[in-house]
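Shown here is one chain on its own, the form predicted alone, set out as structure tokens.
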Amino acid sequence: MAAPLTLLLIVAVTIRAVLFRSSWAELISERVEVVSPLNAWKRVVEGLALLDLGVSPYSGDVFHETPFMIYLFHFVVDYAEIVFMIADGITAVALYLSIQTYNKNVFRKQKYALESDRYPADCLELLRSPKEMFYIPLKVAMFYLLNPFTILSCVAKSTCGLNNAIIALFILCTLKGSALLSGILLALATYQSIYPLTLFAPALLFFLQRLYIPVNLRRSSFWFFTLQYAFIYVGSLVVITGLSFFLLGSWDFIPSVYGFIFSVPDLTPNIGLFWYFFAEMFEHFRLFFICVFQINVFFYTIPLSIKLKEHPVFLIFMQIAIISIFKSYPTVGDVALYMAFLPAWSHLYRFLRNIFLVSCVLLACSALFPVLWHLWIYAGSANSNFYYAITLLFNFGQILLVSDYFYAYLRREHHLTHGLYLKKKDGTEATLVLK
């Protein structure tokens, strides 16, 4: 599989290099769907200019990236295009290796279950074959590298691509069983944008499952490993934050980065849910609704962790999707990361109920974003309501997509336990309902 992956990387780099040299690059870098006030390249350049002048890049209200990011580009700003292409390549390879490792684990568990006769006889058609699973890692890499959302994000030089690379490496280290590297990379991802904090739960569940430690609050082994992993994570986060202070010489980055993410002061339109709502919000209600909106990202972690405690990899997918939908400044680069996982769940297609509708909605919204933006900003024949309507529809499509996969995953697991053809007590066919 090394040759197809190499060819895929060459094709992906070629597409990006051509677009970097085209007249489209500047237009793409201005698109509000592709960049946000947090990750726009122009703001990084402004921060670098302030740093070169000996002024704190956080002294104004322009730069909102982390100190690590600005010092990285302080040394490689002349090779920024190469850096972003390498980041996309690292993300794709990490996802490829992650899904490859995941498929091996799934096949091994499936083999043991078959040998111990745990599956009902009528659900053998639901089991995954090695031939079916062989090309899935390559498809995942392809879904990421050739996704128009990823390409646009790279050409715009959005720092979202670097954040995706960190999360992909975290997933790889987690699935490879390295708790130390997993905790460090998760701390780095949290340092970059806070929201990956919710990935702590699925990573912990994966390691507990790998080490055959039951999730039992009365077991000392559970608490020992939980505290051990939490210490690695929190300790790494403290060290990274401390290094940022020594690099910058002040704590100005904390309100400028994390305060900016949580308080949402910049209401530049984007593909998220925040900007229009808070543009219309009375100031004395603002704090309450900020808390309501922000809690969405974190609220689902506990119930999903309880429901999917035996399936931590699917939980990681769910959490990444929730982050990309409910974060304060989302871009299409965030959407591309969780969409890359869809080929890994190809065995769920038979149970998906709304995949055609969702695909049409997401494609139509992607096409209408620039159209309605032009009508609003340039032609003056529309207003912000039009653009926010298509934003709401796009997020509705994402929520429907994620919930459909959640339903399909649980339904397949139910069939693997109770059989494919379920009957009621009176002998008629039963229908599964997700509650």
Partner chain sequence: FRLSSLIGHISTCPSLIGQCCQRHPGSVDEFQEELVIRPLHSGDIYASFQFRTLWDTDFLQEGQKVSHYRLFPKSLGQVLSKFSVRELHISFTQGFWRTMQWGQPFIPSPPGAELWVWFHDTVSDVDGNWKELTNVLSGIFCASLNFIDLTNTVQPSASFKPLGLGNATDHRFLRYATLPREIVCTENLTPWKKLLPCGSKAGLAVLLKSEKLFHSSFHSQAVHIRPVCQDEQCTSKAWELRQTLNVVFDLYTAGQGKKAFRSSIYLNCGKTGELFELSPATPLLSQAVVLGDRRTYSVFDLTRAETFGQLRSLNLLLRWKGDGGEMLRPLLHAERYVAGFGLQTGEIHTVIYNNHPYRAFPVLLMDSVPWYLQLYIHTLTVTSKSRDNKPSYIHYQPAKDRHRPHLLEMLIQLPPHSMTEVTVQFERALLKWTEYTPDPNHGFYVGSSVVSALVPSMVAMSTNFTQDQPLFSSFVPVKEESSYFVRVYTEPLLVNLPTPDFSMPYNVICLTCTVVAVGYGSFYNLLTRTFQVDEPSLPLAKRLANLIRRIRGVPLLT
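All values derive from a computational prediction rather than experimental measurement. Positions refer to the first chain, counted from 1.
Not on display, but discussed next: the form predicted in complex with the partner chain.
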*Just one of W345, F298, F277, F262 has a heavy atom within 4.5 angstroms of the partner chain in the predicted complex, so which one?*
F277
*asked:* Looking at heavy atoms inside 4.5 Å, which stretch does the partner chain contact in the predicted complex, given the options 94-102, 233-241, 280-288, 108-116?
replied: 280-288
_Non-hydrogen atom within 4.5 Å of the partner chain in the predicted complex for each of L211, W223 and L416_ = no
*Should Y407 be classed as touching the partner chain in the predicted complex when contacts are defined as heavy atoms within 4.5 Å?*
yes
_I'd like to check something about R219: if you look in the predicted complex, is any of its heavy atoms closer than or equal to 4.5 Å to a heavy atom of the partner chain?_
no
*State yes or no: in the predicted complex, is some non-hydrogen atom of K176 no more than 4.5 angstroms from a non-hydrogen atom of the partner chain?*
no
_Residue-level contact is defined here as any heavy atom of the residue lying within 4.5 Å of the partner chain in the predicted complex; does P303 satisfy this criterion?_
yes
_With the partner left out here, which residues of 366-385 have a non-hydrogen atom within 4.5 Å of the partner chain in the predicted complex?_
W373, W376, I377, Y378, N383, S384, N385
